[in-house]
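Quick setup: one chain, the form predicted alone, written in structure tokens, and binding and motion questions come after.
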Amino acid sequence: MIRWEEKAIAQAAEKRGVKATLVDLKEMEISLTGAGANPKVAEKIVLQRCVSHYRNLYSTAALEAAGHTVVNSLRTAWNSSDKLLCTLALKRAGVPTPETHVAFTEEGAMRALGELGYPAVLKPAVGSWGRLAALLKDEDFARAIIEDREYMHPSYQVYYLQEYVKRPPRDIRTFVIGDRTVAAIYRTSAGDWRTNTARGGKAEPCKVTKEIDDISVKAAKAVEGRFVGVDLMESKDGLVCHEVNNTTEFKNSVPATGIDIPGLAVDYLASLDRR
């Protein structure tokens, strides 16, 4: 199924006279040992839009090995689609980020929560749209949630635990293309501590200030991202970045901001092709 975002990008390319071919990964195979580019992907520049974590990673690796320039790259996908690796990249780059711990057992997770304090947030290291993220309000609640995780897939037994940032009832999603923050929205949600628009969060325009631009571009560079979404929160000490999104969505952001995000993405990709 082609989402609104991919249709908008294709329409923006057509409007600009830029050749663009939509390729469904489900209909594609890539030789890992052959020579040259895959015949189903004739263009040198590939915009990776697959939402499946592993299909995204492995197809990007195969396409890069075949000589394609993929936006975003395997390095970017690896470091941004995994929250733990993203936190490490942000920390190395000096980007302000919430206090975060990782633990690998129930006992370790409870010790980490004792250091973080309550409330705290438990997130899967890999996941999107706020799924399986839990607000741990106290020790009893935390123990019940973590005990439940012990009976799930082993990937959910990597306990990524983060301080709960006291912020306004919103967060900020910015869009970085190249080395510029092109748009930003506030995401607000009534009745849910998660602000994801996929969960009913409302998108409202947000002015791109110098502070927002600086931290967003720095976060994008931390994961070597060329077209990414950056998630920020307004803490008492200033803005903090908690995630960078490798395959960012913007269906609700275009009408909220009036910014032609798909058109700007096409312009950037076309500029890469001319280099």
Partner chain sequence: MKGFEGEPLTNCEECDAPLSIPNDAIQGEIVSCKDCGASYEVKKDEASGLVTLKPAEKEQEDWGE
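Residue numbers count along the first chain shown, from 1. Small disclaimer: the values here were computed from a predicted structure and weren't measured.
In what follows, reference is made to the form predicted in complex with the partner chain, a form of this protein that is not presented.
At a distance of at most 4.5 angstroms from the partner chain in the model of the complex, all three residues 11, 26 and 247 contribute at least one non-hydrogen atom. A residue is said to contact a partner when one of its heavy atoms sits within 4.5 Å of a partner heavy atom; residue 129 meets this definition for the partner chain in the model of the complex.
In the model of the complex, the partner chain sits within 4.5 Å of a heavy atom belonging to residue 51. Looking at residue 44, you'd find every heavy atom of it more than 4.5 angstroms from the partner chain in the model of the complex. With a 4.5 Å cutoff on heavy atoms, residue 272 does not count as touching the partner chain in the model of the complex; it lies far away. Heavy atoms within 4.5 Å of the partner chain in the model of the complex map, among the stretches 207 to 215, 51 to 59, 64 to 72, 233 to 241, onto 51 to 59 alone. Proximity to the partner chain in the model of the complex, defined as a heavy atom within 4.5 Å, holds among 186, 164, 78, 156 only for 156.
Taking the partner chain as it sits in the model of the complex, the stretch 169 to 183 comes within 4.5 angstroms of it through a non-hydrogen atom at just one residue, 173.
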